[in-house]
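So here's one chain in two forms, each on its own in structure tokens, numbered structure 1 and structure 2.
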Structure 1
């Protein structure tokens, strides 16, 4: 679901701010004859390999396509819910050159790997107009200056907060800094009816979400995991301030001990059952907390930019792109299907049904949508300011190193200083 799940992969070391890579033996950006529009031939049934359709809206969109294209019907192939398993099955499908998967729903961090290995084809120029897409989202679909996918869903982190409790405590606006958030919590938790509540939680289990939360903390304190020269730069005072924000949260109890097991859904459930004042999560959570019967926070919460050390924080960029398998049949149908799912109308309908972040910029300024989703301007700000996860050839090892050291620091097994020193040393062996 949007940026909820992230995948450990190997991608090419990329320059900061773009995903145009330096190349590898996997085929550079050429792709030979496969890169031409001649490769996109054949019409007939197609498949979409994707994670679980939790909203049910994707099936609705596929049904509408099938009704209009009875001889080119699409079928959803739901992969395991776990993001790592999703990538593994897509890789296995590509390595065996199977035609089972036609269109791939790739995490943004997957695109370069699949493009570099020529497992997906460049989108023919002029076939799909991508000029209206958010630049950060479009950058994730680009490799060697070519678009190997089409941005479908993007993601920026949001701070969910209990607007009712802040108002009750006399707080007129959400916090912009970590210290303001702590001060607000102190006031809120003195109010009647807040017994058993904690201040804040994000996603701190030992998985890809921890890499996102750690990177956000470091970036929001003015630090970097990988600097502009592509070198590890995490053993710094700024990075320590970011990690200490999380470590001290666990030590003080501001972040509940249970949050060490939180992924996206457990943190959402904790917030919507009155256990948290503030929660860092992705846009998808908004719609679910407003409609689920189990939600106790309907009409009681709002969203804001995530806070940082001295002002609004910096989100990790999430999202998904649609790419077409180099080994699939009926690529002409697949290209039209990708175009269909990424039109302004389709993305608008998906936003209305799921609250997932669209990739088309104009939708964030649509006043009818803003009225229904007041957080859209905030989300646009989050996405446009967002930074990608560290880009490295051995990304799976890089994210594992981040998770291991950050997790040890959060559990108190290492000091922040030691965790960052160990992480710096490990990253230097992985990123050269």
Structure 2
């Protein structure tokens, strides 16, 4: 059965396993005849629509391209910082068939929606060598066996911890479980100079980051949001243990109240101004906390795998891929630009400048890089073992249901039991 038939009969969600199966059986996505390289003509100025660049390096990369390609200059169109607003603006742009955005920096969760609606074109075969990309990252750019984007940055969760304070408290290695994290924190907070600090925070505002943190908690307790058969399965004792880790954290004060408004950047700012002992965040935070003038934790923190219920946790797979709008002009220039940003050399330089996680697998084993970023093997594990979020054309509805119920539970508006029950019921209406 081809991809078109799949979508026509109303299957809105594909697990990664199903996607792989469709790919093997030659399922074709929605690209149609435009998937040939014929559609990739036109040279001239282009734009890159992307979420706010917290890394500070993107303009440098674009400047270097522009210097070498004076008649095909790229301009950054900066969208908001949070994933939901970025998606909204990109969707609006696509729905009006606007040519304003040429290259889209698409969050990994948006491939299915943009490919399924034919808002982005499949990358023509043979134009970009994809053999060196981390397989999980490449899978996020693939829809019904076709690559609709090129992996650019991947993301796996990391546990940032105050190595200085753990050491002072006599703790020699970072915690592997949630209960170890709690007992380590209790010891640390007994030390002088820790007044006003809380144990832990992640990203708990009502947005995509909450979907990541909630799913991570569920998966790290042995639960699942969507099971291997592609069915919602979140109303389980294991999922409850995961959600309770967060709910109880808020109740007990281990997680500060303010964290209910945290997205990535506010949580990073809290950690770097001595408000947290432990923080869950993506790799980008490392470089900024090492170099920003406002950071008070330079040389005082380290990175470990995220903890879970009985041992190391399971990250949610994050990341961004570069796709080319179906409505854009100058697609030949766009393709070259995408290629330029995703070479091994470009990704290497970007890692050095920003600590953002590359998608080229070999960079994780590059000894010079491992020396500079000793946590690269931890990051590789985090990414390769990470659990992808559902690949759904209607992902926006799926994530809204997760955000709503998880947020209500964290705020104490619903019990964990009720939130999971309601979420399960809602997901069952969305995922047929």
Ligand code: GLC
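So that the term is clear: the rigid core is the largest set of C-alpha atoms that superpose within 1.5 Å between two forms. Positions refer to the first chain, counted from 1. Here the structure is a predicted model, which is why all the values come from computation and not from measurement.
Between the two renderings of this chain, the form predicted in complex with the named molecule is found in structure 2; structure 1 comes from elsewhere. When the chain is split into two rigid parts to describe its motion between structures 1 and 2, residue 265 and residue 321 fall into separate parts. Fitting C-alpha atoms of each rigid part between structures 1 and 2 shows the smaller part swung round by 8° relative to the larger. In the core-aligned comparison between structures 1 and 2, the Cα atom of residue 102 sits 2.6 Å away from its counterpart.
Taking the core as reference, the C-alpha deviation of residue 82 between structures 1 and 2 is 4.0 Å.
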